[in-house]
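Single chain ahead, by itself, as structure tokens, in the form predicted on its own.
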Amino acid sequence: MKKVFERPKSLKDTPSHFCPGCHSGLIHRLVAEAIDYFKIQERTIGVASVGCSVFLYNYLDVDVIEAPHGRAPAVCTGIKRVRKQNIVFTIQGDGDLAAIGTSEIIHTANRGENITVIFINNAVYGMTGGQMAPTTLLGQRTTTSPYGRDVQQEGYPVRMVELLSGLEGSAFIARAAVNKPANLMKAKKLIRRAFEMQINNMGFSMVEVLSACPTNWGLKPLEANRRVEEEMIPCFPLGVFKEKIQGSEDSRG
């Protein structure tokens, strides 16, 4: 019988620490599939951020360096500048990227560093107990916004894709979701495209992926998937927000 589905070579055969219903495992698999597709496993270096994605080295069979909280883009920059032949990427959560790491991600994108960032947005601090994140939705209850996020008190959710797509150095900026098969297949293509941009020396690429967090949302997995569809996607629209063309004046090729 012909095998039609198998574990990617770059994804380790190991139990996951992610909570049931969390989408992070799916996103890690999509990254592994992209690495396999381009046959770049031997020259890929991952940078583990702080948060739910910190155990990157447990799941992806590539060289990995761990970064201080929020500093993964800066560490990626250092690696890529001294090892241009390597493919360098990081997976960051919304607390790591959009809170303590805001400065790093903005300036890394603005400089056009030729790295790839996978940004997991679950609208809450997942690892530290479910506190309000920069991406928490208006009205969303968290441990630090028990009555729901109030625009008068905490402001609006930060839309990182829209912010970074306006910077000159960014080459490919997109947002995806994995809450249903159709969205997952689109996310797979976008993540693959983000790695392709780096391979082609086009500059900074980032894909934001909307993710469910049933544990900290206090929802069952299916209910969490519905929240992604009915609440997160209207706030954080899906699609490609910026894509430089190979050979253009803005490319780094």
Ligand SMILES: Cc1ncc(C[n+]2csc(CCOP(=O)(O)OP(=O)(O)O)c2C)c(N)n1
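On a predicted model such as this, the values are computed, not experimentally measured, just so you know. In case it trips you up, residue 1 is the first one in the sequence shown, and so on.
Only in words, not in the display: the form predicted together with this ligand, which the text now covers.
- Contact with this ligand, judged by heavy atoms within 4.5 Å in the predicted bound form, is confined among 78-86, 145-153, 95-103, 179-187 to 95-103.
- Put simply, T44 is far from this ligand in the predicted bound form: not one heavy atom of it is within 4.5 Å.
- Within this chain, S53 lines the site of this ligand in the predicted bound form, having a heavy atom no more than 4.5 Å away.
- Among heavy atoms of H69, some come within 4.5 Å of this ligand in the predicted bound form.
- When contacts are judged by a 4.5 Å heavy atom cut-off, N110 does not count as touching this ligand in the predicted bound form.
- Residues of 110-133 placing a heavy atom within 4.5 Å of this ligand in the predicted bound form, in sequence order: N122, V124, Y125, G126, M127, T128.
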